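One chain comes next, on its own, written out as structure tokens in the form predicted alone.
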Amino acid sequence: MKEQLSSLPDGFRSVVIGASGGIGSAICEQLETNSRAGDIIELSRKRDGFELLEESNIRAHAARLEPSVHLIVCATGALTINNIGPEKSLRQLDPDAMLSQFRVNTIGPALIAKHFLPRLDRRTRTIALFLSARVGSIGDNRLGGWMSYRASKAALNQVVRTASIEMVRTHPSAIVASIHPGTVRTPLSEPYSRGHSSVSPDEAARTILRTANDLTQTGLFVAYDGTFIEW
């Protein structure tokens, strides 16, 4: 079987942000078993005090890296924040809860893009993945509900798309993409996964990395299985 991430150079350097979460930790485990992988930098609040909502903290962590990273995975995000889950209808919309969703799911990853994408290697193929969600698709929204979470992920997709366009100017071989991991059996999605087919974090990590390896175009919104998702 072809080893994962064969499109990256031997000894490729990785950064996984949100490494203590269900998907982030599974991605780290996959990288640790990859014989071609070099350094793996695992960042999270629990592990080393990485603060998603503090730009000075994000800047400091990024500044420690040489600009020779080949893989960045932003595996941050939240569905329930401060014990407030997604709205079932417009009547439940709360401005403070909505702002919290945008801070965690949009602004935090945008700051990661700002400070970490420039650390990608300019000379070789590189990949930066941002975990999004299919419910962030505007065109695919046929059920309504979950307005704050949907909107925050749609905004994240715009951040990723915009960043991908800018990165081409300085890093022409960089692939920057939003990826939907599927319904994964993690604490984030467990309360809302009833009636949906789901996969383990390990299976999700394997399919995410396999799809990332096969991407040939930057600025896309894709699912874990490589299918395109409309914006």
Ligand SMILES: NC(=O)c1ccc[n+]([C@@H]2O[C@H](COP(=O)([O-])OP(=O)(O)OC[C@H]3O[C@@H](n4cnc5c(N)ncnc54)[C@H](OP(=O)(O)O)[C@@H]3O)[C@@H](O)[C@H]2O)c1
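The numbering used is simple: start at 1 and walk along the sequence shown. Just so it is clear, the model here is predicted, and its values are computed rather than measured.
What comes next is about the form predicted together with the ligand, which does not appear here.
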4.5 Å heavy atom contact, Glu66 and the ligand in the model of the complex
no
How about Arg59: is it within 4.5 Å of the ligand in the model of the complex, going by heavy atoms?
no
Is Val104 close enough to the ligand in the model of the complex to count, meaning some heavy atom within 4.5 Å?
yes
Should Glu51 be counted as a contact of the ligand in the model of the complex, where contact means heavy atoms within 4.5 Å?
yes
I need to confirm a contact call. Of Ser173, Asn34, Thr183, Thr162, which residue comes within 4.5 Å of the ligand in the model of the complex, counting heavy atoms only?
Thr183
Contact check for Pro9, Leu71 and Thr124 against the ligand in the model of the complex, heavy atom at 4.5 Å:
no
Proximity to the ligand in the model of the complex (heavy atom, within 4.5 Å), stretch among 116-124, 137-145, 90-98, 75-83
75-83
Those residues of 117-133 with a non-hydrogen atom no more than 4.5 Å from the ligand in the model of the complex are Leu131, Ser132, Ala133
